[in-house]
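One chain comes next, on its own, written out as structure tokens in the form predicted on its own.
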Amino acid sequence: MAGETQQTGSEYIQHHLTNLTFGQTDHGWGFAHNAQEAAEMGFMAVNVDSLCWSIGLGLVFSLLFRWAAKRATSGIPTGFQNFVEMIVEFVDGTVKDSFHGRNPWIAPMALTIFVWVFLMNLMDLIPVDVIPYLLSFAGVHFQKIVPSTDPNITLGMALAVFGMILYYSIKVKGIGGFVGELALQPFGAKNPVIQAAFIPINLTLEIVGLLAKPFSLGLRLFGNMYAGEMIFILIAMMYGGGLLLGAFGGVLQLGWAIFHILIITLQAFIFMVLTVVYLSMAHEDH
């Protein structure tokens, strides 16, 4: 595709890293025609491709698991039922090991996070030029199909987790207990004057640690998947360098795709486990 459109290497990379963005321009609302115009749309711009792919993959997850649940049998299970049961048991065991409170919503939420993030990451294994090339015939010139390479998606999920952390922290501990947890640790003293002097230090340390949770959660997933996508793009550029270089690129792409299966699974698992651990901490009443 790079050779067909006579793009330079930097233009090819920039094209594949540009979202299909909808927002307000000087001529009204519409889709951005280049990366610069997308950046000028500002905060209210919407990355339509990331949003559509993430919602679509969420629906795929819901429909597949609903289909498996409706056809589940106590007799000889099908291969797909075995696969779904294996995932459910794996997530359930992880939650039991990591979550020490009592909340019936945690395990279903953990299952949703693991499978949904995995499906979004799995899109990275589709060759980078296939879907953008097919959609170009419909007039769509930008298309990023891996939602987890968009920080808006990963940080959005992380902020949703952060909201649940605050909700359960206040619900379990009460407002006074939650504020006390931030203000009275890690440094404490029996003398009330000294304890009062420690409050600003404790608040600074605890609030920074609290705010670091959603940012580390979202940026870790984004950084790993973005780097993986970049490597696929760089390998794809080798196909325009002749038969020998293209063949070597094919070998590299196959090797990286096999290794990347581990990465996409591991990143989904880490996002799920950290979410469960953070919510377990929110349920602890000191």
Partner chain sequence: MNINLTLIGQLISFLFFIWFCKQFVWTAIIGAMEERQKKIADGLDAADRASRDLELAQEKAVAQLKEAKQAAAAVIEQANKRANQIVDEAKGLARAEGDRLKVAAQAEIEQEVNRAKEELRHSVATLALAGAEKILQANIDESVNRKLVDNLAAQL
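All of these numbers come straight from a predicted model, not from anything done at the bench. Residue numbers count along the first chain shown, from 1.
One more form of this protein, predicted together with its partner chain, exists but is not displayed; see below.
Scanning 61, 31, 232, 239 against its partner chain in the model of the complex with a 4.5 Å heavy atom cut-off leaves one residue, 61.
This chain appears without its partner; in the model of the complex, the one residue of 174, 77, 101, 209 with a heavy atom within 4.5 Å of its partner chain is 77.
Not displayed here, its partner chain is approached by residue 72 to within 4.5 Å at the level of heavy atoms in the model of the complex. Within 4.5 Å of any heavy atom of its partner chain in the model of the complex lies no heavy atom of residue 146. For the chain shown alone, residue 116 is a contact residue for its partner chain in the model of the complex, at least one non-hydrogen atom being within 4.5 angstroms. By the criterion of a heavy atom within 4.5 Å, residue 257 is excluded from the residues contacting its partner chain in the model of the complex. With the partner omitted here, the stretch from 127 to 135, 186 to 194, 84 to 92, 200 to 208 that lies within 4.5 Å of its partner chain by heavy atoms in the model of the complex is 84 to 92. Site residues 167, 214 and 274 are none of them in contact with its partner chain in the model of the complex, judged by any heavy atom within 4.5 Å.
Contacts of stretch 246 to 264 with its partner chain in the model of the complex, defined by any heavy atom lying within 4.5 Å, are made by none of its residues.
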